Structures are given as structure tokens and as C-alpha cells.
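Consider the single chain below, provided in C-alpha cells and representing the form predicted on its own.
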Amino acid sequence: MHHHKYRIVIPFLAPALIIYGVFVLFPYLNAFYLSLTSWSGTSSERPFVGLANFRDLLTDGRFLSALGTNAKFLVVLPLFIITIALLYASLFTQGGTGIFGSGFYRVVFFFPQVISAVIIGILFQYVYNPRYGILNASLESMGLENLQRTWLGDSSTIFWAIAAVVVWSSIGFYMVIFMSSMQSIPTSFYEAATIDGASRWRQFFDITLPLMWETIRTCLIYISIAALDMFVIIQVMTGGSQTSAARSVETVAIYMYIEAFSKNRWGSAAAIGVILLVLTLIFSVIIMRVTKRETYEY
């Protein structure tokens, strides 16, 4: 019986496994091999250098600075995205009821998800433009000229300007995930809490948050992976420039791009990719361990 079972299962699994191996496993293995070479990207020769690329990166100030930028995004993005998304989801869905106009707000906050990251980056280039951008124009109309800045040209503001864009564009996606999780919680729990005199906030902390903790953990991992990437938005909003302000928000992914396409150091770029992969796996495991809690069934 078991042999007959495998005869049926293997033909169905084989195409998927072959595709996965060719388009996922092979590129990973090839990247690992390239990280051990000094390949220029165009030469047919790939001189083997062992762990030299990794050793050089660990003493490269620019690479370590890029890691620091990713670390800042890793703290800021989950904090703001999850907090705001949870707030909106609870206002629109908790207990089976939402505030007036919640259906309209759901559409408005989810709308950035239908826009590509490139379009969002270009849009906010105009918003932050120091001469004719809507942000500085709004500040001027309110008599707050002293708050006007060259938002993407100042090292003290560019990080927060980009982080705000990422938060704005991501909230809707996680809001929908949280709303879906909240809708699975029986409304009888909230009805009983209301009878006992619990406020909406008390219900959120005592009922909603514990029962959807697994969903929050999953979203935290997704956001952390995005924070360890941070390539498209930064590349578009800075225009790939190498000004001091742009360098201050240079992430590991952008540095990898520069190493490969600007310096033709594909071996070093592959080593950066391997380090980024390892860091992503480590952070995912750490988050799963640190946020592990008792699972509630209902």
C-alpha cells in the first residue's frame, strides 16, 4: 500500500519540487558560492577567495553603518505599524461593531496597498520637495515657516521622512490582517465583558490582544523582514544619490546594490546577501522565541 501511495504522490510533487529547486534552491546555492569568490560580474573567471569577502565586510565602516540603519528601521517600523494598525482594526471591527463610517475608512487606509512602491516613492518625492512640495506649502499656510525643511536633503530628517512613508503605506495591509483575526473572536466574549462593565479599551487588552497574539507575532516577523530589506522606497526617494543625507539612510540592501552594479564586486555583493539572509533567519527565530506565549483556544 505504501509503495502504491508514493507512486501516486511523487508524480504530483515532482514538477513543484523541480521548479522550486531550479528557481529557489539553485540561486541560493549559487549565491553562497559567489560569496566565496572575487567575481567581477562580467568575467568568465571566478577566483576563489574563501571567507575574505566576509572578513572585509566585518571591518567595512560603510557596511556596519548600513547595518545600523537597518537596526533603526527594525525598531521604528514594527512599533508604529503594529500599534496604529491595531488601533484602526479595533476601532473598525472589535466586538463585531465599528465606529461610524468604518467601511469608508477601511477602503481609505487600505488604498496605498494597490499602489506600487515605486509610485509611492515618486509621489512623496513631490510631497517632500522643499520648494513646491505640499508639506512645506501646508506649513507655510499655517504660519509655521520655521518648521520647513529640505526633508530628503537633511540627514536629521530624511530617516523619519522615509519611515513615515513606509508606515503610511503599510498600515492598511496589517489593519486588514488584524481585522480578519478580530472577526474570528466570538462576539459573546465582548457582550459578556460589556455586561460586566468593561470599557472598550479594557476589552481590547483583556480579550482582543491575547486572542490574536499569534497573528501579531506573524505580522511582526513580516515587518522585521521588510525592515531588513528597505531598498525600493529609499532608492526611489533618494534617486540613488550619494549625498550625505542619502548615505545616512543607506541600508544593507542598497549597499549590496552599489557593490554589484556600481563597483562590479559581485562576490562582495553576494556575501552581503548571504549575511542578510542569515540575519533575517536569526531575527525570525529570536522574535518567535521572545514573543512566545500561551495559546488560547475558543
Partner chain sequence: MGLRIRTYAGVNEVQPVAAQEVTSVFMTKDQATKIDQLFREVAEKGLSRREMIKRAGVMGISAYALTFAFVQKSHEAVAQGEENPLGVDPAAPLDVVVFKGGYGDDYAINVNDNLYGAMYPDAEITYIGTQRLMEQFQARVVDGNPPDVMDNSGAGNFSNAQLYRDGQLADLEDLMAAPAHGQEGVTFADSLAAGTQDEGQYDGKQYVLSFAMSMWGVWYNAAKFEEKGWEYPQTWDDMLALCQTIKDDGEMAPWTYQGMYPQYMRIIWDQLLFKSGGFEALHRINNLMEDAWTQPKVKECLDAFQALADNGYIMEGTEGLSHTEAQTFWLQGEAAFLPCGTFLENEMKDVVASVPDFQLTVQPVPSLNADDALPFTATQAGAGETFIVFAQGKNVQGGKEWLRLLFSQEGARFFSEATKSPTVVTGASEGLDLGSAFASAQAAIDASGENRLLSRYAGLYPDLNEAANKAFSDLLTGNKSADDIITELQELTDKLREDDAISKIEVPLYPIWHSQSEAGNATPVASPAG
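Given the structure is predicted, the values throughout are model-derived calculations rather than measurements. Residue numbers count along the first chain shown, from 1.
The same protein also has a form predicted together with its partner chain, omitted here; what follows describes it.
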Exercise for review: Classify Trp266 as contacting or not contacting its partner chain in the model of the complex by the rule of any non-hydrogen atom within 4.5 angstroms, answering yes or no.
Suggested key: yes
Review point. Does Ala270 make contact with its partner chain in the model of the complex, using a 4.5 Å heavy atom cut-off?
Key: no
Review point. Does its partner chain get within 4.5 angstroms of any non-hydrogen atom of Ala66 in the model of the complex?
Key: no
**Study point:** Partner contact for Tyr132 in the model of the complex: its partner chain, 4.5 angstroms, heavy atom
**Key:** yes
Exercise for review: Please determine, with the chain shown alone, which of 66-74, 24-32, 258-266, 50-58 has non-hydrogen atoms within 4.5 Å of its partner chain in the model of the complex.
Suggested key: 258-266
Study note, to complete from the structure: Contact with its partner chain in the model of the complex, heavy atom within 4.5 Å, among Ala253, Val249, Leu36, Met237 goes to Met237
Exercise for review: Check each of Thr215, Ser102, Thr150, Gln113 and return the one that places a heavy atom within 4.5 angstroms of its partner chain in the model of the complex.
Suggested key: Thr150
Practice item. Scan 15-41 and write down, in order along the chain, each residue with a heavy atom lying within 4.5 Å of its partner chain in the model of the complex. Key: Trp39, Ser40, Gly41
